[in-house]
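What follows is a single chain, given as structure tokens, in the form predicted on its own.
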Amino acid sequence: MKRYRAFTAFILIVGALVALGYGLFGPQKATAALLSGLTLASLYFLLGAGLSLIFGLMDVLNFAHGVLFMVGAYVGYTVFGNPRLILNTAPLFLALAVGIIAGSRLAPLIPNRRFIPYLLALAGVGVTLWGIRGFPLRPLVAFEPTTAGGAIPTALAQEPLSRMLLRLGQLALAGLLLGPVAARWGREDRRAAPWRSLALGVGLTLLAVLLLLGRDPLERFLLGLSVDVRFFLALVAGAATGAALGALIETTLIRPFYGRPITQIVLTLGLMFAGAELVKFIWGKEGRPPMAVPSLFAQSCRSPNLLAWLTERCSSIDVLGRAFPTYRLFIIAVGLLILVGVALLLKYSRLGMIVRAGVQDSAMVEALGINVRRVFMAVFALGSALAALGGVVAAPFVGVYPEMGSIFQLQAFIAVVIGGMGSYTGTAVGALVLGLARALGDTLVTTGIALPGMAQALRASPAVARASTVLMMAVVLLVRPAGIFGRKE
């Protein structure tokens, strides 16, 4: 019984929620609510899975995880509908990265005096500000007619090629100054073959120059692609951006402070607020309408079943006489795919075995000659990529707005706590329980309960729907204080 106690609790909780839904709302409303709960559960899981992996392996509570979710949504939205912003800003980041790679190789040549790194960092920041001074960010963002001031044509929004090449040189110089500081801050081993750094630097330089030279034809080419291809590119770009930012956060903010959880929490909290303000600075405080869905979910019709939907490509499907958006089925499918894929990765791959061993005893894994730092960075990047992917998937469902990161992060934390801190299976279970509870709460607010003898249905306040997730967490923790699949320390 002890072995299956967690599964028994999970079945009882989900069974109670399902029975409550069908008892209060009837088959039609309850089925629609349960499907909506699965949709929310998939989004909560995409965000919570990374939190669970990172905490389980590294004991790090990353409060900036919601920022990665939000940044992924904005990057995917931009790749999908406004590629000129990416084509004009990506070369600047690439030039900065090239300078940092080159500067990190020069770290051993810098005199070992305490004030020199601070001077280099100050100079690097100053040159960076000099390089981006006057950059036309706002005109590049103004791509849609709905933006403040209206749309601005690309020819007027972007700078001449000569000016952009000068900015590349300035940011490469800034990276050269920041490179030695980044190498010492991250405590990287510089005994790696120098030709790898050279090849990476040359490759990034060529990519930056090619993006600038071909920015106009590339923009026309990307906008001329089908909606399906652009949506796929948005998914890839969002996940890749999340992975890169996750690796950067781990090496610069987390790695120097392992064993100091309070410092890590303060840093990630600060990054959460700074990231939200940075997103507002780049894309504006106004939200964006939902991103267009792929053609498989775009036709204005209702399919009677799944087989008919595959040929008709309707935007909704008939569920017991009620229309249910088919894109939500896609969100559920993505959540299930990620759940199975990461579970197989953890169980059968070499990385998964190292991660599972590291959760139990990271010191022993390092004693076996495994580079735990790289494993930590890979896990952090994987968790961040899942969060950013969830943001792109959520963009056609809830739209894109600056507060979406904090809202979904809170729900993801609750899902992780319900399932058990550090448990991947528990996170999936917690997300399911949380999604069902929130969907039932929303249904109680929107449709209400039809009681006998009452002319109108009894509806609850919207605060009840928001509080339903916290109430569910309280109930679960009263029964199992460590979470459904959690372990007592």
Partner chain sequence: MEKTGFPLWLRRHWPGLVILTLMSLFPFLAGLAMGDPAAVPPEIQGVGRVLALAETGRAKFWQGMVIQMFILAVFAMSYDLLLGYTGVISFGHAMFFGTGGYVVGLLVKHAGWSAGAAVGVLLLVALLQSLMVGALSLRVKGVYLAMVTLAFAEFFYILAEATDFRQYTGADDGLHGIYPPPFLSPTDHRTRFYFLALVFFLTMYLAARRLVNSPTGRVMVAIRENEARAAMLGYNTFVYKLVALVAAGVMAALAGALNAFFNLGVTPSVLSVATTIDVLAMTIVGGAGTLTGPVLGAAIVHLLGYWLNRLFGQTWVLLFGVTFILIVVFLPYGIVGTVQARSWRWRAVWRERWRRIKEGRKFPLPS
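Numbering follows the first chain given and starts at 1. Quick caveat: nothing in here was measured; it's all calculated off a predicted structure.
Keep in mind that the form predicted together with its partner chain is not shown, yet the notes after this line are about it.
- By the 4.5 Å heavy atom rule, the three marked residues Leu267, Phe273 and Leu477 all count as contacting its partner chain in the model of the complex.
- Think of it this way: in the model of the complex, its partner chain has a heavy atom of just one of Leu161, Leu210, Ile262, Ala333 within 4.5 Å, and the residue is Ile262.
- For the options Leu389, Val71, Leu171, Val416, the residue carrying a heavy atom within 4.5 angstroms of its partner chain in the model of the complex is Val416.
- Residue contact check for Leu253: one or more of its heavy atoms lie within 4.5 Å of its partner chain in the model of the complex.
- Although the partner is absent here, Leu35 sits far enough away that none of its heavy atoms falls within 4.5 Å of its partner chain in the model of the complex.
- Shown alone here, Lys285 lies within 4.5 Å of its partner chain in the model of the complex, counting heavy atoms only.
- Among residues of the shown chain, Gly15 is not one whose heavy atoms approach its partner chain to within 4.5 Å in the model of the complex.
- Judged by heavy atoms within 4.5 Å of its partner chain in the model of the complex, the contact stretch among the candidates 39-47, 61-69, 426-434, 25-33 is 61-69.
- The partner is not shown here, but in the model of the complex the stretch 114-130 reaches within 4.5 angstroms of its partner chain through a heavy atom at Tyr118 alone.
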